[in-house]
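Below you'll find only one chain, the form predicted alone, shown as structure tokens.
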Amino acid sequence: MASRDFDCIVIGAGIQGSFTAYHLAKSGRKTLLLEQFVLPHSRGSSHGQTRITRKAYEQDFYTQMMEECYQLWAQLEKEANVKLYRRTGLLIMGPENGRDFLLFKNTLLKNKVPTVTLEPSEFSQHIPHVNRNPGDGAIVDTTAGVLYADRALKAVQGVFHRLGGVIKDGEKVIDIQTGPVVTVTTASGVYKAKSLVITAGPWANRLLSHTNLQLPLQVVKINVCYWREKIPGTYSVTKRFPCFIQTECKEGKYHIYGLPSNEYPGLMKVCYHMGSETDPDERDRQTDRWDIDILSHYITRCFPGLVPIPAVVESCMYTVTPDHHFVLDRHPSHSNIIIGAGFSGHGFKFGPIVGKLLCELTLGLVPSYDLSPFKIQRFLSQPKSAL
């Protein structure tokens, strides 16, 4: 097996790993991006046509990171000469005095994000064909929109490759040897580097086991559902229908979110922000549909223009931390191993900034943002059984 030497190796070519490799290559580092599946693939968390991008968050630190993120997405659009973002706005609905709705609203206002508040009397004029729950508030993050996910992943990998980066797909990592020089072994080769970045999504703990570390990550399979418009175009992006988030809904504990009909003509993407625990290598055996029942009830009640039976059901995986915040940190025992994990179903939009931060950690630079919310240390005070 041929031995190859690099400055940095990144394991996992999803959006976070691909942007990390892109930033490392821009910094002049000889970088290898390893992917266990043949690209492109739909086995992880970065595939699919669309994601919501937004500044609307319950926490200030995410809202503040998104400011630069929009600039970095625009920069990639120019570098790759491809459209990656469509502005639609994001409608947030929830009980006017509910905890989650107020957190969203207050963070938007505090950070001076351009917004529109919709009073009950004017709601249906601006947002037709939606039954707002009595007592729900409604605020629109007007900066939000749709990211074209598959296109974005291809774009960042393409620029990385043009910068001299090496991508090897279909190479599953079977061993990691720690040390001042890290040795990564796949079925096809042995690679060495001064630094290693692990951005392996649902497989993060499999790889971390080679380094004597386990994080409290739960892998869940999400049913990604598309619902047919009774009259085509009712909720279309061309009719300026926005993305939406419904907080604190009657049907379930987690948010419901949706994107206007766009990727499949006549079908609107509406999903529940949680799923059932799964083994990432056995995810196709996971056939739970309780979340689809929640969505059907919600759609019947609130979206009368949709057929309340999904026309298409795809799947995706979330890798969830106990607090639903990311892990962006150095390995506690090996400072030349950097970890990006636990993106908890809301990390795609942060790809450019996560890649920049993981690059900065790899190069020993002071991170551009306060990483205290994302440190591994926050889990270590918990009982050992959680690790």
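Just count from 1 along the sequence shown to find any residue number. Quantities reported herein were computed from a predicted structural model and do not represent experimental measurements.
In what follows, reference is made to the form predicted together with a small molecule, a form of this protein that is not presented.
For the options Tyr257, Tyr148, Phe241, Tyr191, the one in contact with the small molecule in the predicted complex, meaning a heavy atom within 4.5 Å, is Tyr257. For the options Lys26, His334, His346, His325, the residue carrying a heavy atom within 4.5 angstroms of the small molecule in the predicted complex is His346. No residue of the trio Ile9, Lys30 and Ile167 has any heavy atom within 4.5 Å of the small molecule in the predicted complex. A residue is said to contact a partner when one of its heavy atoms sits within 4.5 Å of a partner heavy atom; Ile52 meets this definition for the small molecule in the predicted complex. Within 4.5 Å of any heavy atom of the small molecule in the predicted complex lies no heavy atom of Lys105. In the predicted complex, the small molecule sits beyond 4.5 Å of every heavy atom of Ile299. Shown alone here, Ile245 lies within 4.5 Å of the small molecule in the predicted complex, counting heavy atoms only.
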